[in-house]
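Here's a solo chain for you in structure tokens, the form predicted on its own.
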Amino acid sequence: MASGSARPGSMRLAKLLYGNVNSYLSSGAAGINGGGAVWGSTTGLSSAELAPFGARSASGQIVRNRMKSVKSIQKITKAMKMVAASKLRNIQVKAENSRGLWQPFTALLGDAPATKVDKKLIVTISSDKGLCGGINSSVVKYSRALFRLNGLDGPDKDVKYVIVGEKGKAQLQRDSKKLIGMYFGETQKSSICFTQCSMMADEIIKSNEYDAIQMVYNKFNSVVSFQPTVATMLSPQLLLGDQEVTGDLDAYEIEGSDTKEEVLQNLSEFQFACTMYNAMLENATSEMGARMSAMENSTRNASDMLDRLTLTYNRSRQASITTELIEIISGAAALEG
């Protein structure tokens, strides 16, 4: 749009030209059609090129509002990236240190994901917040695949979901609402600790009957890479009955008055708590890495969109200025003629 003294001059010329045109109009549809012809012949512009003065202003305002909203989104995504980057390092150190808790149990009690059992719990570890890529979709997809695999063994198999995290629940309850046995939410409001995970593990063990537990979570590899992982833990009764599964347990001597059944019971519960602690830390680390990458991509996309909108706005503004100059010159020429 024109600025300075050009704008008032164009408005005066427009009023004068509109007044001249109105003097030629009689009334009704014939007058309107005649007026269009007079206006076109007077200004030298076709009727398609004639637009109200406010139309161009409204179009520019829409682009400016869009640019303002994109800038706000860009600030938010940049801040979220910085927050995720600051949290990532601390959680990553805790996750790497927690791997030494559950790894010895694999050599001691074994890991048999293909063991066929009648009652199974699928523990799905997800996040409470979104905007973190596809980490929640991946664990939900693996959980559903495990459920279908257990269904192939027979219709009498009892399989239930135990969900940790709001996003996993939101996806699984769409088609498996009746199969969700337990749910834990808002687990990351405070820092993840072993006490919290052991309490959750104890509640799961006391509230459900199971022969095996399969825990699905995302294992952290790098900021841009995570791997969906399944950890299998058998019940103490199954460990006691299957000597091939217990690994090197028979090579150790049991001291004190505890029997082998009591030792297996304690080891099984401690294994579940340690595995859940590591799984929640690994998944939280993967969440922060995925959110950091997602927000970086969003910030870059917002910057590209802002560049395109700026170019569009400048072109529209230049076209508006050129059009108004043409109107002024054409109106002045018509008055002189």
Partner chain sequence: MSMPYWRAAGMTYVGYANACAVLVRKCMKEPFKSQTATRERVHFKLSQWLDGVPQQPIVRTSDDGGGGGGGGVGKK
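Since we're looking at a predicted model, the values are computed, not measured. Residue numbers count along the first chain shown, from 1.
Another form, the form predicted in complex with the partner chain, is not on view; read the next lines as being about it.
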Problem - Option touching the partner chain, based on a heavy atom within 4.5 Å in the predicted complex, out of Q74, T232, Q173, T115 - result: Q173
Fill in the blank from the handout: The one residue among E209, E96, D158, E186 placing a heavy atom within 4.5 Å of the partner chain in the predicted complex is E186
Exercise for the section: Using a 4.5 Å heavy atom cut-off, indicate which stretch of 301 to 309, 265 to 273, 63 to 71, 281 to 289 touches the partner chain in the predicted complex. Expected result: 265 to 273
Practice task
Check whether P228 has any heavy atom within 4.5 Å of a heavy atom of the partner chain in the predicted complex, and answer yes or no.
Solution key: no
Exercise for the section: Spell out, yes or no, whether the shortest heavy atom distance between V216 and the partner chain in the predicted complex is within 4.5 Å. Expected result: no
Handout entry: Contact label in the predicted complex: K169 to the partner chain, heavy atom within 4.5 Å
Key = yes
Problem - Distance check, I180 to the partner chain in the predicted complex, heavy atom within 4.5 Å - result: yes
Exercise for the section: Scan 68 to 107 and write down, in order along the chain, each residue with a heavy atom lying within 4.5 Å of the partner chain in the predicted complex. Expected result: none
